[in-house]
Structure formats: structure tokens, C-alpha cells
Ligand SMILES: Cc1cc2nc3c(=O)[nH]c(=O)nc-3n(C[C@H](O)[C@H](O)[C@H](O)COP(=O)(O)O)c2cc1C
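One chain follows as C-alpha cells, the form predicted alone.
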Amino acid sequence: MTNTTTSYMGLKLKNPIIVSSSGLTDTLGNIIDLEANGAGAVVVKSLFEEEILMDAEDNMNKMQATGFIYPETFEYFDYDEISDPVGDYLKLIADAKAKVKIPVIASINCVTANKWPDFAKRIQDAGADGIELNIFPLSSDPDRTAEENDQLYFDIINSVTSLVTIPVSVKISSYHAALSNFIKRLSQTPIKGIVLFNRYYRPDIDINTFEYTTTNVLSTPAEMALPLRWISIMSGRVSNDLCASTGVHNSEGLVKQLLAGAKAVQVCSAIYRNGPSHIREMLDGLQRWMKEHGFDNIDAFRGKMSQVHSHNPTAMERVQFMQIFNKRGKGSKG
């Protein structure tokens, strides 16, 4: 048997397939089913920063209404009494850890470093094996500089990692002016993993109702090209574990990302389309490929096609189509 184990964020995974934060991971039953079908780890569906803050505000209003504003009440509120949806989220993590053996990674979708980071400690106390910070500041403000937008990531990272001892990863977008430098600077923080990349909500316009709608909710295999390029470019250049996200739909895509240097991949849309059993199909395909090419374990070929190990390192840096005209060929120019 080929060995498909890997490590990610210091966590040992039986295989590199992580089911990403989504409706697939929002119930205990779903998480148990995903483990049974072969998932190496799960990222629990994100809790949004707004939910944490709204929940805190609701509790504060209740205390003010009943007159319970004194130091002991604040202590109780801060550390012992978090209600829905926050309480449900913590319970899901605790219940999952009691029922499954695979790593359970919490996810927070955040846009600021204010007020909410203390909640990360509660996630750790609930038993989560790690935390994924899904940071999403759309650079839509024309008065904010690239440096100001980037600084948000570091503020959030520093706030959270100062409070927890479990490993923390960051899921980022590709919208950065100097992406390779940005990833390198992220790697110098206390985080253990970097996920490339976020796949954002994609707005559309209904030309008949004049309303905003959404389109292309699920990814396609063609979307794998972007993370594949940057996994290849950054593998071997940063110390953090790199995780590929978006567009991995089959065993071929899984193999490609591992060859580029990924320690793990996040899968979502393919499972929505094909069901949890598709995880097993991807793993079977991975093992067949490894046997055909004589690889006993993933480390034997991981990063073989990363830019630092490639015989053609410029291939991942071309940003325009290139056509070569052979003077003796049909397409020659005189």
C-alpha cells in the first residue's frame, strides 16, 4: 500500500484531502460522514466576525436591561456565557472532537482585528485542533493604500496568535500588489499554514428584475490554475505549509497541487456535485498514480514540479500567451 499520510500546520493527516469550510461541514452528522468517506481533515463552516460581535452586543443589551452591570457580570459574559450562534459553533467543535479522529479546524471569517480575537481562545478551549483565519478585505476603498490593506492581515494574525497555542493558518486572496512578497512576509509571522486562495462571492445582475444575484457558486477545474501557479512559485521559498484551495475536483488536480508543493488541498465544490464518496475516488486515483510512477509516499514527489526544482522555472512566471514563429514553419513571418 502506498503511504498517503501528510502533515499540515503540524497536524498529522491520514491523507492530504481537507474538506473546506462550507455547508458540508456545518453539522456533526456531515463531519462524521466525511471522515467515513476518507477525509483527512475538515474545516468547520466559518463563523463570521459579525456574528461574534452581534452576539456580544445582544448579551450586553440583555445585561443592561436587567441591571447586571458589575465586574463579576463582565467576567461571566466574557468567558462563560456565549449564546447562539457562537455557543452552537463551540458545541459543534466539541461534539466533533468527541466523535471523529481526524483533525477538526475551526474557521473565522474576519475583516478587522477589533474586539473579536478573544473568541479564538474559546475555540481552543472547545478542542479545535487549529484555526483558519479567512481574511477578506475587498480592496474597494480607493483611499486606502495597498500597505493599509495588507496591514490588516498582520494585525489579525498578531492578535489571534498571541492568545492561542494551537496552530493558526490564514486563507488569503490573490488580490495583492506584490503577492510573493506578501506571502513571504506572512510566513515570517507565527502562523503555521497559508491557504491559496479564497474564492469569493461572485455578484451578478439580473437585467430583468434589476437586482443583484450570485453566479458560479461552485468552482470549476479550470480555476485551479491560479493556486497551482502560486503554490509552485512559493513552495520552497517559505517555511509555512502551503494548502491549495479552489478548483481541485479530481485525483489529477490533487496530484498536480502536490507536485507543485502543496502539503494539503481543500476540496468543496467536487463534493457538492458528486457526494462525499467522491473523496474516496480521489484517494483511489492518487494511490493508482503513485503506484504507476513508483512513489511509496507523498514526500517522494511533493514539490517535484515547484519552481525552485523545475528545469523550466520561467514557465510559472509567464503572464501572456507566447507564440513562437518558426521561420521554416507554416506560421513564419518574412
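A quick note: this is a predicted structure, and the numbers were derived from the prediction, not measured. Numbers follow the displayed sequence, beginning with 1.
There is also a form predicted together with the ligand; it is not shown, and the following applies to it.
Colleague: Exactly one of 222, 217, 178, 207 has a non-hydrogen atom within 4.5 Å of the ligand in the predicted complex; which residue is it?
Modeller: Contact residue from the list: 217.
Colleague: Select from the listed residues 37, 306, 46, 30 the one whose heavy atoms reach within 4.5 Å of the ligand in the predicted complex.
Modeller: Contact residue from the list: 46.
Colleague: So in the predicted complex, does any heavy atom of residue 263 sit within 4.5 Å of the ligand?
Modeller: No, residue 263 is distant from the partner.
Colleague: According to a 4.5 angstroms non-hydrogen atom cut-off, is residue 212 in contact with the ligand in the predicted complex?
Modeller: Heavy-atom contact with the ligand at 4.5 Å: absent for residue 212.
Colleague: Give a yes or no for residue 169: in the predicted complex, does one of its heavy atoms lie within 4.5 Å of a heavy atom belonging to the ligand?
Modeller: Residue 169 lies outside the contact set for the ligand.
Colleague: If we define contact as a non-hydrogen atom of the residue within 4.5 angstroms of the partner, is residue 173 a contact of the ligand in the predicted complex?
Modeller: Judged by the heavy-atom cut-off of 4.5 Å, residue 173 is well away from the ligand in the predicted complex.
Colleague: Identify whether the ligand in the predicted complex is within 4.5 Å of every residue in the set 199, 245 and 268, based on non-hydrogen atoms.
Modeller: All of them do, each having a heavy atom within 4.5 Å of the partner.
Colleague: The chain here is shown without the ligand. Which stretch in 94-102, 191-199, 144-152, 120-128 comes within 4.5 angstroms of it in the predicted complex, by heavy atom distance?
Modeller: It is the stretch 191-199.
Colleague: Between 17-51 and the ligand in the predicted complex, list the residues on our side with a heavy atom within 4.5 Å.
Modeller: Counting only heavy atoms within 4.5 Å of the ligand in the predicted complex, the contacting residues of 17-51 are 20, 21, 22, 23, 45, 46.
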